[in-house]
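Take a look at this one chain, the form predicted alone, written out in structure tokens.
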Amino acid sequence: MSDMTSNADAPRSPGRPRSVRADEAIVEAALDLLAEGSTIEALSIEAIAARAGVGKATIYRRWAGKEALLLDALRRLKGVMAQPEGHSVRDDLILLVGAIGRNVDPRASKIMPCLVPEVNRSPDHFRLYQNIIAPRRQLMREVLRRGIDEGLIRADIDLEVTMALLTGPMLIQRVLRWNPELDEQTLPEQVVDTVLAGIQAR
């Protein structure tokens, strides 16, 4: 993946203002094609342009390549990150854990599980996935650090392992529906309380 610069980060060049409608159509076309079964590898700029009703040049004026376009598209699919209020470490963790694997866009349930094998096969696709997930992981890391600073959480915990403990149950339940007996509405609170019981400062 030679260029992971997204549309939002790309430098603007002088000239005719960009059409927001075209931007939307291109991103929506990419997501629709993925939801219909196209793999990231097979997805082409030509197919996206045809679905969006634009020329390839229109896409390349906005994104450096397919990977940069997909980064923006998948960010759109994941939606706006949950923003902790900063008043309660427990409440903020429940908010972040509850957002894991939860997507408003119905296409996400078709697209995200299909990304797993591609992420495992391709270093480029792994980097694409990490670019999407890393900011969300950082939010959780900051909340845990705040808990340590406030004396609520032990200072000797491994932050990365703790985040895996908080994240894993929600991912496996929402992506794979691992146990139909679990209540997804109460699961975030149960996961957070279970993990906090093991890492709280004594």
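So that there is no doubt, residue numbering starts at 1 and follows the sequence shown. Note that the structure is a prediction, hence the values are computed from the model and not measured.
Here the subject shifts to the form predicted together with another copy of the chain, a form of this protein not shown in this document.
The partner is absent here; in the model of the complex, the one residue of 57, 171, 42, 47 having a heavy atom within 4.5 Å of another copy of the chain is 171. Stretch-level contact analysis of 63-71, 25-33, 132-140, 48-56 against another copy of the chain in the model of the complex, using heavy atoms and a 4.5 Å limit, identifies 132-140. Residue 153 falls outside the set of residues with a heavy atom inside 4.5 Å of another copy of the chain in the model of the complex.
With a 4.5 Å cutoff on heavy atoms, residue 82 does not count as touching another copy of the chain in the model of the complex; it lies far away. Within 4.5 Å of some heavy atom of another copy of the chain in the model of the complex lies at least one heavy atom of residue 167. Remark: residue 194 counts among the residues lining another copy of the chain in the model of the complex, judged by a heavy atom distance of 4.5 Å or less. The partner is not shown here, but in the model of the complex the stretch 153-187 reaches within 4.5 angstroms of another copy of the chain through a heavy atom at 158, 160, 161, 163, 164, 165, 167, 168, 169, 171, 172, 175, 176, 177, 178, 179, 180, 181, 182, 187.
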